[in-house]
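As a starting point, one isolated chain is supplied in C-alpha cells, in the form predicted alone.
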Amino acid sequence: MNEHLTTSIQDYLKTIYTLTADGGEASTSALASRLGVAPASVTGMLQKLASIEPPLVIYRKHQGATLTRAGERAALEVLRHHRLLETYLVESLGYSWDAVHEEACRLEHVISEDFEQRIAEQLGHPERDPHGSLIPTSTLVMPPSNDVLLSSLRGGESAVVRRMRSEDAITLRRLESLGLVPGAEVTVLVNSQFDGNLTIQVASRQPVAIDPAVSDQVFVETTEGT
C-alpha cells in the first residue's frame, strides 16, 4: 500500500475508479453523493490530487476527474484489499454477503502487503469477491470482463449473473430474495420498452417482474447462442 496516501485520498481514488469503470462519470456531484461530502470539498481534493507529484487524477472544471496511471494503480491496490477482505470475511469467518462491505472499508487501508498475500493464498487466489466483482491481480491489473447490465437484455435472451453494482445491504438482500446472485442463470422473457420493466425467470423459479431499480444493479454475461 502507498503509505503516503491518506485514507481519504484512497477513498477518492477507489470511488473515481468504480464510477468510471461502470461507464459513469466521476463528476463533482457524483463523487459528492457517493462519498457523502460537500461538492466544494470534492473540488478541493481533486485539485490537490491533480497537483501532487506524480499527479493521481486529471481534473477538468465542470467535467470531473479521471485517473492517471499512478492514480489507477493506487485505486486498484485498495480495491484488491477490499475485495479480498470481503471474500475472506464470507468464506473464512462466516459473514453474509450483505454484511461485509463496511468491515472491508475499515480494514482495506491498514492491512500489510504480506497480510494481503496470505489471504489470497489461503483463499486460493480467487478471481471474484462475494458480490461477483473481479479482484485486481497481485500486479494490479483488472481482469477483462464481458459483463453487461441485466436491463440491456432483450426478451428471449439468457445469461449468467456475474456481479452486483451495489454493495448496499438492503439491495443485496432484495436481489438474493429474487435468486439474483452470482452464478444464477436468468432468462429475460419480456423487456418492456414502455417502462423498462423486465419479466425474468431465474433458474427454475416462477417468472417475476422487476423494474430498472433492480435490473440496473445486476451485471450478467450472456449465454452463447442466445
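This is a predicted model, so every value here is computed, not measured. Residues carry their position along the shown sequence, with the first being 1.
One more form of this protein, predicted together with the DNA, exists but is not displayed; see below.
Trainee: Answer with yes or no whether residue 43 is in contact with the DNA in the predicted complex, where contact means some heavy atom within 4.5 Å.
Mentor: Flag for residue 43 set to yes.
Trainee: Answer yes if any heavy atom of residue 47 is within 4.5 Å of a heavy atom of the DNA in the predicted complex; otherwise answer no.
Mentor: Flag for residue 47 set to yes.
Trainee: Does at least one non-hydrogen atom of residue 223 fall within 4.5 angstroms of the DNA in the predicted complex?
Mentor: Although the DNA is absent here, residue 223 would stay clear of it in the predicted complex, with no heavy atoms inside 4.5 Å.
Trainee: Under a 4.5 Å heavy atom criterion, is residue 190 part of the interface with the DNA in the predicted complex?
Mentor: Result no; residue 190 lies far from the DNA in the predicted complex.
Trainee: Scan 38, 160, 169, 58 and let me know which has any heavy atom within 4.5 Å of the DNA in the predicted complex.
Mentor: For this set of options, the contacting one is 38.
Trainee: I need the one stretch from 160-168, 22-30, 179-187, 192-200 whose residues put non-hydrogen atoms within 4.5 angstroms of the DNA in the predicted complex.
Mentor: Only one stretch qualifies here: 22-30.
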